[in-house]
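Here we start with a single chain on its own, the form predicted alone, put down as structure tokens.
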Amino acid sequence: MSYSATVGSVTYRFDDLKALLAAATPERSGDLLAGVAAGSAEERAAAQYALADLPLKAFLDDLVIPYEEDEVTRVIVDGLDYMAFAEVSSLTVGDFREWLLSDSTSGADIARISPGLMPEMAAAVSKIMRAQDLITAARKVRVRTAFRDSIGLPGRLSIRLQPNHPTDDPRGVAASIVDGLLYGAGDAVIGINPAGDNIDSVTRLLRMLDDIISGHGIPTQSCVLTHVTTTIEAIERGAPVDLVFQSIAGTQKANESFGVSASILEEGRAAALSLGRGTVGRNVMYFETGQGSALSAGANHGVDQQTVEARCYGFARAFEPLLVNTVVGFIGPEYLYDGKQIIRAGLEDHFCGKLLGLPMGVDICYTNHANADQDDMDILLASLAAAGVTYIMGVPGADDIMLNYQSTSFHDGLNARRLFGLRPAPEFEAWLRDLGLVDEDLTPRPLAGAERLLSGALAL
């Protein structure tokens, strides 16, 4: 089915739904690279007009990637709750935007219809929203998940403690963990990107993390961000696995380039659940995504990168993850050229993930060859904190010396909590207080109560 809209005296035509979605997307370098972007600001405006008038029902009939050709499409379609969709089925994309932003629409209302939404619907409505719309609508939605603590509650901002080390040296990793804990980071997860992906290295790191968490009674979870099949092997060898990690994409072909499928992810989930290591919940999956991943694998099917990214979230929700985050600026300027594009993408991804019912976090980041700097990240962090982001990253000094990119620091997370009156997960906050690491306003007290923590962790 084709679509058209007129701007001034010129009528613009779009061959199908994926062409319309691509042309309606705010400009970004990845879509230009893929050859799917609007050719002018006027064409983009025409596409947004046409998209706003499109009934939401159209997305059920006009699939951007056919059901028969793509596992991600099948997982999304087969998992839809059509009764939940019925409440908004009469709306156009423009009407849906008004409904989301209405003072009479609550977070509970959005959560009720969320299981019935196609990710392409979320992507479509985001394309006709301003930044403040994305912040306002996302702020309404809270998605609670749990393992050893409760993530996503109102008034809370969690932080992944990311203690990466270029050689996986246990003492270097432990020192970064202590540094992060003293600033109140780590309630989302203590998660290591290993420098080496072999099973022995991964198992060693898993046991080290378990020693720290169990030895100090920390109500959080650990994760070594290795391939899901490596984690399954680690579980078979008796390693203390809390969360199963995997990078995922929005098309089957892109997931195949990662070496994953729905069945492999379900196998990993079942293996982790069989260990019964959660204390307050059973969410055991951790997914990372990022705009441009399908295009970089030559697997985007002509679909714009933001719509493909939203499809990641529709795929992810089938596995009831504890954590999902978009590593928004990590892939590079070929996909998000500068700070403006990174900021917009981060707000879009967070909004779409929340709208689809995910515990959405953002790795607020950029590579050193992008036209961006830490001021851009500060703006995105403040915007996401206002939008109710579930969690962010905590990296020593904001500079990941193993992955070689810039993110957010332990100090940044502490500052965001103070500025917006946010606190860590309740179980984790209680532990910080009991150990004397923070006072009432979460001010760190490293000299008052950290001696036991320091000596125990560094002894590893």
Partner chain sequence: MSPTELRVEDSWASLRRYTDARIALGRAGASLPTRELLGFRLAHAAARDAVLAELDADSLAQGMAEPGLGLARLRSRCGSKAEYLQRPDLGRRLCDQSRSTLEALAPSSGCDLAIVVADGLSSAAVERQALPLLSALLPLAAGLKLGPLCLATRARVALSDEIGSLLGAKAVLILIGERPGLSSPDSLGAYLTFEPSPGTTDERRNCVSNIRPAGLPIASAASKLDYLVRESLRRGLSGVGLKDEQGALGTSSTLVVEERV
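Positions refer to the first chain, counted from 1. Keep in mind that what you see is a predicted model, and the values were worked out from it rather than measured.
Form predicted together with its partner chain: not shown, discussed below.
Only one of the listed residues (113, 175, 208, 128) places a non-hydrogen atom within 4.5 angstroms of its partner chain in the predicted complex, and that residue is 175. For the residues 87, 233, 98, 373, the 4.5 Å heavy atom test against its partner chain in the predicted complex is passed only by 373. Of the candidate stretches 224-232, 319-327, 164-172, 136-144, only 164-172 has residues whose heavy atoms lie within 4.5 Å of its partner chain in the predicted complex. Remark: all three candidate residues (29, 399 and 443) come within 4.5 Å of its partner chain in the predicted complex, counting heavy atoms only. Its partner chain in the predicted complex is not approached by residue 408, whose heavy atoms all lie more than 4.5 angstroms from it. Contact check for residue 334: a heavy atom falls within 4.5 Å of its partner chain in the predicted complex.
Although the partner is absent here, residue 33 is a contact residue: one of its heavy atoms lies within 4.5 angstroms of its partner chain in the predicted complex. Although the partner is absent here, residue 63 lies well away from its partner chain in the predicted complex, with no heavy atom inside 4.5 Å.
For the stretch 415-435, the set of residues having any non-hydrogen atom within 4.5 angstroms of its partner chain in the predicted complex comprises 415, 418, in sequence order.
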